[in-house]
Ligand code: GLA
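First, one chain by itself in structure tokens, the form predicted on its own.
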């Protein structure tokens, strides 16, 4: 075998899919095998009892009943790559996180009173009952740009007069999980003190406050002069430092990596002990993101819209599974142009702009329209992306938006215990087709009109390899929560611009 680059693994060179997987005991398991060399055909050996190789679809599937650690091999040409499977009922993140973060609409105005009011609103508006349980403080909670003299992190004393433990206690009394924010550098994204070189001190403080998850960002890493921050080795070292510090506290704190996909974290995040990680640059409240004329492929400087993320997401399904989730960033549904960071689609818009609708050069910016917001939420569900709201839940939420974000049938697709992401099947005539395998053997199908005008599309079951040829399927419309008859042949659809249809299919027996 040829020598590997420093820090690389055999799996990183041979596999274009995960070599570290997880499953709940007794729940259907699926592992999609993709190879970096597409001219090779994979095979597997030494599968645990209950698993089998699906040669037609090139995936491992089945059910493992007993908890434990297992290893099976993927064979690709002359290479053998071990795949490590952990089956456990006590994984830190068996299904994607559902919750809320403060950044998009709050920024530096985050406070103790805001967190308390948000916690109460999550209960009052049915969000808790819908499954949203993780509530996080993002950047700007700090007492200042510099650390206190004793190096122990402290919050702003005016905005958090009773300290962070009081916030954690309030959330825990309401059965909510408490999240905090820091960075793997000396400064946070908004120039407060970061955690690099202070990992143990910060982790101990977080544990004392009752923190349940840490959103750990990646701003200002280049200034550390510790190597190329775009390499996996540097990122892995920085995130592993914090993971070890969190483990020392004895409190189970989830490490949520916010590295923006720069170093392909889906390939290595498990080594840092993270069950979820950002796979995109910042998502904004719009269909299209901002591109620079001098760099048309760089979509992140002004933020990525739904359109951009959908095109970015096409190759992530083989890197998604239980306890192993790619994050498409905070949801912007419900903000309706009233946000702050979520409106940064132009470089000259600052965080300090007034609240409300943004206007520039006579153009009025109001965020995603209704269809775009519905598509955003549906696709996050199809991808098993964390569902992290960022609207001000204390404020007015339209009945339509509230119905979408609490839709139990869409949420069930996101929280499916097999943890798969939808596969991108094709883009045809401006329509994208996505298909997701489900734990009960069913299939979820999403059709998205990427066109800027209403258009027609023909859904053909022959395009969906997860379906059995010659079998009719019932169609459950998850958006409308209604039955749409059967799919037993090509079906013509008409969709508004940027709209989508999502069905749950079950065979007619």
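For clarity, every value in this text was computed on a predicted model and none was experimentally measured. Numbering follows the first chain given and starts at 1.
Below, we turn to the form predicted in complex with alpha-D-galactopyranose, even though it does not appear here.
Under a 4.5 angstroms non-hydrogen atom cutoff, alpha-D-galactopyranose in the predicted complex lacks residue 213 among its neighbouring residues. Looking at residue 206, you'd find every heavy atom of it more than 4.5 angstroms from alpha-D-galactopyranose in the predicted complex. Though the partner is left out of this view, residue 330 does reach within 4.5 Å of alpha-D-galactopyranose in the predicted complex, counting heavy atoms only. Contact check for residue 260: a non-hydrogen atom falls within 4.5 Å of alpha-D-galactopyranose in the predicted complex. Against alpha-D-galactopyranose in the predicted complex, the set 189, 278 and 282 is in full contact: each member has a heavy atom within 4.5 Å. Between 137-145, 68-76, 236-244, 332-340, the stretch whose residues reach within 4.5 angstroms of alpha-D-galactopyranose in the predicted complex through a non-hydrogen atom is 137-145. Here is the short version: of 178, 380, 325, 181, the single residue with a heavy atom within 4.5 Å of alpha-D-galactopyranose in the predicted complex is 181. In the predicted complex, just one residue of 80-111 lies within 4.5 Å of alpha-D-galactopyranose by at least one heavy atom: 103.
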